[in-house]
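What follows is a single chain, given as C-alpha cells, in the form predicted alone.
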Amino acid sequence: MEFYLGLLQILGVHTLLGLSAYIVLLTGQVSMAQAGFYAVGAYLAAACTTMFGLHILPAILIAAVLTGALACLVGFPALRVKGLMLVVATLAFGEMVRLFFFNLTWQIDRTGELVGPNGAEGFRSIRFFPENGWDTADVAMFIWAVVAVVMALLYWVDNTRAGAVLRAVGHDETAAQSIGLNLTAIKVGAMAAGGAIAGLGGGIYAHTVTHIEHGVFGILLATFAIAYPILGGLGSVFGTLIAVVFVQGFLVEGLRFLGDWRSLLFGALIVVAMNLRPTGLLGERMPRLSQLLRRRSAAANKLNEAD
C-alpha cells in the first residue's frame, strides 16, 4: 500500500510540472525553463518551513508567487525570441538556476542543528510532514487536493475568453495581433502562470522527498515537463494527467521489472505513441460530454431507422 501511495505522490507532483508547461504551450511557446522554476519553488518552500518555521500552505503559496514573479521577469527578454532560440534561451536559464543552487550555501542554526541549502550536498532534512504527524496517505491526499484545484482553475480558464485568447496566439500570432491582442502581455502572463504552477509543484516535491539537490533539476526534468502536455494533447488539461499516468505510472514504474531494457522500450513506446497519435493522446480538441451524448444518440437513431 505504501508503494501505491508513494506512486500517487509522484504522479501528483509530475502532473503539476506538466500543467506548468501546458499553459505556456497553449501560446505556441516551447519553454525548457520549467525545471528551473520547479527548482526555485522547491528551495523557497523548503527554506520557508525548515529555516523560518512556516506551515506548508503559506510556504508553497509564497514559493508559487515568487516563482511566478521570477517567470514574469524571465519572460520579457526570453519571449522576444521564438522557436529554437527560445528553447536554447530557456534551457540556458534552467542550467543557470541549477548551477546557482549547486553553489548556494546558506545555513542557519535551528534548535542546535544547521539547516538550509549546502552547495553540492543539497538541502537536507526537509521534514515538515513527518514532524507534524502526516502519514503517506495524508500527503497523497494533500497533493491531489492541490492538483485538483490547479486543474479546475486551468479548465475554467480554458473555457473562458482567456483560454480562447491563449489558443488564438498559439495558432496564429499574426492573426491574433491583427485583431488587437497584445502578444507580449499574453505570452508573459502565460509564462508567469506556468512559473507559479511549477513553483507550487516544486515546493510540494521538496517536502515529499525531504532532500533536494541541484542534479535533480536538469535537462531530463525539463524534457519531461514539456513531454507530458505534448504527449497528452493540448485539447484539455486532462491530456496532461493521462500522459503523466502513462509515462510515470506505466512506462517508468510498471516496466521496472525489465531492468535496463526498460530504457530502450521507454523511448520506443513514446515514438510509437506519437506516431499513432501525433496530436497527443486526447488530440487538440477534447470532445465535450454533451457532444459524445449527441453522437451516441444519433448513432442509435440511425440503427433504429435501419431496423
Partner chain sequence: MKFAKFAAVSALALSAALPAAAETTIRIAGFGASSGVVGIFGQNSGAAMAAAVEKVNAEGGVTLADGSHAMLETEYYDDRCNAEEGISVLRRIATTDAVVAVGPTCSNVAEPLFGILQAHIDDGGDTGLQFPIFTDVAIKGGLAGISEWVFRNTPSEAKMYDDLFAWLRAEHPEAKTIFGGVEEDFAHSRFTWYSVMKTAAEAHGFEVVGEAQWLVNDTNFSNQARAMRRAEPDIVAISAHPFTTCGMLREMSRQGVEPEVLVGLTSSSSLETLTGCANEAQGLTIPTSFAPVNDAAREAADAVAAKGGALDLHSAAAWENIMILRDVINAAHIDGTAESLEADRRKIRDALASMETVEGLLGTNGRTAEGESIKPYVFVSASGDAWEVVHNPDS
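Numbering follows the first chain given and starts at 1. Quick caveat: nothing in here was measured; it's all calculated off a predicted structure.
Below, we refer to the form predicted together with the partner chain, which is not included among the displayed structures.
Student: Is the gap between Glu213 and the partner chain in the predicted complex 4.5 Å or less for some heavy atom pair?
Tutor: Close contact exists here: in the predicted complex, Glu213 approaches the partner chain to within 4.5 Å, heavy atoms only.
Student: Using 4.5 Å between non-hydrogen atoms, is Ile62 touching the partner chain in the predicted complex?
Tutor: Although the partner chain is absent here, Ile62 would stay clear of it in the predicted complex, with no heavy atoms inside 4.5 Å.
Student: Given that the partner chain is not shown alongside this chain, does Val13 nevertheless sit within 4.5 Å of it in the predicted complex, heavy atom to heavy atom?
Tutor: Although the partner chain is absent here, Val13 would touch it in the predicted complex, with heavy atoms inside 4.5 Å.
Student: I'd like to check something about Phe102: if you look in the predicted complex, is any of its heavy atoms closer than or equal to 4.5 Å to a heavy atom of the partner chain?
Tutor: The answer is yes: Phe102 has a heavy atom within 4.5 Å of the partner chain.
Student: Pick the stretch from 252 to 260, 40 to 48, 63 to 71, 238 to 246 whose residues have a heavy atom within 4.5 Å of the partner chain in the predicted complex.
Tutor: Heavy-atom contact with the partner occurs in 252 to 260.
Student: Residue by residue through 112 to 127, which ones have a non-hydrogen atom no more than 4.5 angstroms from the partner chain in the predicted complex?
Tutor: The stretch touches the partner through Ala120, Glu121, Arg124, Arg127.
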